Each structure stands twice: as structure tokens, then as C-alpha cells.
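Heads up, the chain below is alone and in the form predicted on its own; it's given as C-alpha cells.
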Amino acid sequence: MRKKHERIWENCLKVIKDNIPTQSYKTWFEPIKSVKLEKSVLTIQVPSQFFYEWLEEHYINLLRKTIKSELGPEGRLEYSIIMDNRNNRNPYSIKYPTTKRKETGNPSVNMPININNGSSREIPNPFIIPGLQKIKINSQLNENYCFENFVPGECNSLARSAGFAIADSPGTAFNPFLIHSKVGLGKTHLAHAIGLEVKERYPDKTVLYVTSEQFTNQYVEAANNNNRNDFINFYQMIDVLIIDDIQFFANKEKTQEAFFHIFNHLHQNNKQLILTSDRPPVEMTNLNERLLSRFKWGLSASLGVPDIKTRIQIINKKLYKDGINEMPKKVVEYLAMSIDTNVRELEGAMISLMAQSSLNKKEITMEMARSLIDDFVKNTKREISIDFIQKVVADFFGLTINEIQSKTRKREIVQARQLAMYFSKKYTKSSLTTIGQQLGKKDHATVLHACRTVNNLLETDKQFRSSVQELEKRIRL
């Protein structure tokens, strides 16, 4: 028979589940356990300090309402935060809604065997199997892929916040941490950034970044040379192991088996595992079920497509880093609107534009940008998005994106905004509310009115209909 505190928390969860996205519910509420109920105070157990802080920052109002609904006006919530410190359980409670932070111990971990009276040798290539020796290795981290160069946005908020939490306390916050996204959205950058931050905060920890291809090739070579145990021992000495594109372990049964033993050892010893993939665990195929289940132990966070503001920030960050300040604002905006699905392609288009300007000794102009980017977009598989539609409409009417999104009531701008709403409804799967928010923070009623206005003009105004047909051709190119 379930206890009263469990029934109350289950009732709270039913309300919470109906009010937040499914993935958010699974990530932030399914791991919570109800501990006790004393008078009007319900205590729940959460797995980490970061977990508690995220709930307080993002779901505090929802939690307040559900608790008071179940326990009455005097209802309150307390958190029992259980964190691993070595092999001991170290519980402590924080009363709702305080946000005071408590630090936990993070002792260094020594290599198991010393040689040469405690001295160590430098191994520049970590794929030379060292055997049982104390080692220093090249982490293979790219210094440019740091947090400072990782532009924050709504598309990466959860993953980035979790990354900072892991760097602050590797092996305790979220372990393993799986970052997944489509190609070119920054998962490798974020993985490197976490590794670099760990090295900065904990110089004694051994951090290693490898691709799944490198790991597999290393294993095959070790197996062929009868050095499989040395291979496994090497990786079991790593404090923070980062493996990129884990999905490529598919169909490689022996490699998966070796990684399974490495994973278990590291996880049981509170060593951090950071994995990246082009898909979430539920969509991975031809991987051992034992591994897949372990990938779900920690946090799985996705990186989405950056919005227009984030893409503009990415371009400006790149320009600043490269010491370039002469690119016109309109060109930056045009680039950000044209390449809207892949950060890597966005940076590639920007580099191509700068190279063309430098080689031809000409200033960067909108004409140059249109010529290069139009070819680039035509040769790039593209999904029609609200951002892209805004760009095409703005370019067609000789306006800027800011003008379309502004509150001005000038006739030509209002009409351009209405057309952008009309085509967004027609060619995207976005809701009316989402369309309105991205086009000047308008409500869904404004979007409906815009669509009706465009339809009416299409039936009565021949010149308007001709312009719309030309605009539609450009959107569908």
C-alpha cells in the first residue's frame, strides 16, 4: 500500500505532466522520489545540486501551485539532495525556496601504479598503449572549442547549463552526459568545452577526447596484438572520457563489449563520461541493449537549430575573434537568414564571403553576398522555415528583418509582415502562436487576420496577386 506522501506526489506529477513538454517531464521529474510528509511539508529527493537549482529556476511557480493545491495554502516543499562523494552517500536537505549553494568534496584520483620512483612520462599520442604505467596524455581537446566561443541560446540552454554543472563537479552531476543533435549544431564544440573547463578547474584530472572511429581502430589494433587488456586498462585510468559520434559503434560487437567494461568501471568510480551522437538513445539501432540502457542512466540533452538572433551572435562572435569589423550589418543579417539549419555551413558561407572579398580586393556588399549565398543555398538541402521566409520577404521588399519585426504601422511594412505570416502558415508546421512570436511578438489572432487579409487581396488585386506569385517562387526555390 502506497504511503500518503507518495500518493500526494503522484497527484502533483499528474498536474505537472500536463503542463510541460514530455521530454522535460522525463528529464526533470521522473527521477524525483517522494521521501516524507510532515504536517504540510512534503520532502522530495533529487539527484544533484544542479538538479535542484534547475527546478527552482524553471519550475518554481508550477511546483508552488501543485503543492498548495494538494496540501492547502500552508503547503510547502523541501528538497533532499543526494549526491555521491566517492562511494559514500551524503544526504543533506535544502528547504524550499532557498537557493543557497553547498559545495561537495571532489577529491583527486591518482593513477593506480607509479613507475620510476613516482615520475611519469609524456605520451603525446594517447593511442599508444602504455600498459600499466602512470601516464600523462594529450587530451586532444581543441582550445578554440571553449565555452567562451560557444554562443548561448534557447536552442542549447539545457545542454550548456548541464555542461557547466559537469565541469564544476565531474562524475557527480550527470553521468553519463549524452549530447545529441543533427550535424553541425555544436555538440562536438560543447563536448570539448566541458573537457577544457574540467582541465582548467581540476589540473590533476586526466581528460581525453576521442572519436568513435579512433576508439574502434585502437581496439582493433590492440586485439590483433593481443593487447586487449592493456587497451581496457588504459581507458579505465581516464577521469573524464569524451567519445564523439557514439552511434558509429553500431554493428561493432567486440568494440561495444570493450566499451561496456570501460563504461562500467568509470561509472562505478565516479569518473565522468561524455558522449555525443546524431540521435537520441531511443533512435539508436544495432547497439547492445546493455549499452543503450546505460546511456539512459544520466542526462540526454539535445541541441536545436539556433534562432535568427543566435545565428547573428554566432557570426558577430566569429568576426570579432578574427579581428574583422567591416562587414555591413545588413550582410550579417542576410547571412543569418539564408543559412538557417547548420552552424557549420553558416560559418563556411561567411568564410567564403570574406575570402572572395579579400581575393578580389573588394568591399563586402549585399550584391556580393546575394550572389554567393544564393548559389550556396541552392546547393544546400534546405527546409523552409519562418526565418527563411522572413529573409525572402524582407529581401523582396527591400526591408530589413528588424523592420518587419518592428511595431511600425507603415503600410508597406505591415503588408510585408502579413505576407511573412501567410507563407509561414502555408509552408511550415509552426503554430499560429509561434509564427506570431517570431514575427514581431504578435498573438495568434493577428496571424489569422493577416492570412485573411492576404487571401482577400489575392482575390481582388491583380497586381498584388502577381507579386505574391513571384515571392512564392523565391520561397520554393
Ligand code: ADP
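So that there is no doubt, residue numbering starts at 1 and follows the sequence shown. Nothing here was measured: the structure is a model prediction, and the numbers come from that model.
What comes next is about the form predicted together with this ligand, which does not appear here.
The chain is drawn here without this ligand; in the predicted complex, the stretch among 211-219, 70-78, 395-403, 338-346 whose residues come within 4.5 Å of it by any heavy atom is 338-346. In the predicted complex, this ligand sits within 4.5 Å of a heavy atom of residue 184.
With a 4.5 Å cutoff on heavy atoms, residue 189 counts as touching this ligand in the predicted complex. In the predicted complex, no heavy atom of residue 139 sits within 4.5 Å of this ligand. This ligand is not shown here, and in the predicted complex it never comes within 4.5 Å of any heavy atom of residue 240. The contact residue chosen from 356, 302, 149, 236 relative to this ligand in the predicted complex is 149, the criterion being a non-hydrogen atom within 4.5 angstroms.
This chain is displayed alone, yet in the predicted complex one of 175, 390, 156, 169 has a heavy atom within 4.5 Å of this ligand; that residue is 156. Contacts of stretch 395-412 with this ligand in the predicted complex, defined by any heavy atom lying within 4.5 Å, are made by none of its residues.
The Cα-Cα distance between residue 201 and residue 57 is lengthened by 3 Å or more in the predicted complex relative to the form shown here.
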